[in-house]
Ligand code: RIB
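Just one chain is shown here, as structure tokens, and it is the form predicted on its own.
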């Protein structure tokens, strides 16, 4: 079976890490590159994490350093959710591998051309690197078969009233990507919430890890601490086992791995709000066709839950 060539653009990130593990543990794909961007923590942290994960997982791929800030808006970060080092403060072994000398956008373009239009791009953070590549290389769109992205929201936001974090982190970049003509499958905030995990489910899934068990245990511990603090802030009772833990980026990995088998999508024309003082980063879905535009996004609306969980179980068990 010919494996799907994949580049992962990300800001690792606890849930980015789970998505990378899912892809690395699959027989369906071959990871060609991991490119880092600003996001959950600063660029130096996400780049170090990408290199460390490459070595820790034994991946044969390049790692390239991308954008340190958004195209126009002010920089955001989410270290309160992911820990100061982005990995729930798990002490991952220091990387031995070195980052590519060329920046992410040049590496992405070069590798995509080499695959003659078969390259798939999985985007798990703000879309700055992808937008820069599109703007610098207008023919980049001809070499990307599809983008699988985690980002956007049909309804409300998680880091602002209306915007999901990855898109809020660089709305102008998102709009460049949405306008590029590259086919896009979007796993948005709502599908991440709908397919979140009970604490008991996370415990069961992580129990299948072998080499990765200490890292998964640290991730779970960090999740518990953060969720407890949020419940305390809101004056709510907290019980981890019956609470929902979201792993948003893993839904984009699942969308790629399940496409055509357990995945349902609906097609919409989508734009990203870049200027509204209260709506910056909001993704607008043209449900009624008022814009008169052809759909540019296949929105994930349903996944086979057991297949989704199996992808995680199997990937965690693969690393011995």
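Since the structure is predicted, the reported quantities are computational estimates derived from the model, not experimental observations. Positions refer to the first chain, counted from 1.
Just so you know, the form predicted in complex with the ligand exists too; it's not on screen, but the next bit is about it.
**Q** Does at least one non-hydrogen atom of residue 166 fall within 4.5 angstroms of the ligand in the predicted complex?
**A** Flag for residue 166 set to yes.
**Q** Is residue 189 near the ligand? Define near as a heavy atom within 4.5 Å, in the predicted complex.
**A** Residue 189: contacts the ligand in the predicted complex.
**Q** Any chance residue 46 has a heavy atom within 4.5 Å of the ligand in the predicted complex?
**A** Residue-level check for residue 46: no, no contact with the ligand.
**Q** With heavy atoms only and a cut-off of 4.5 Å, decide whether residue 130 touches the ligand in the predicted complex.
**A** Residue 130 lies outside the contact set for the ligand.
**Q** Of these, 65-73, 52-60, 264-272, 247-255, which stretch puts a heavy atom within 4.5 angstroms of the ligand in the predicted complex?
**A** Flagged stretch: 247-255.
**Q** In the predicted complex, which residues of 2-37 put a heavy atom within 4.5 Å of the ligand?
**A** Result: 11, 15, 16.
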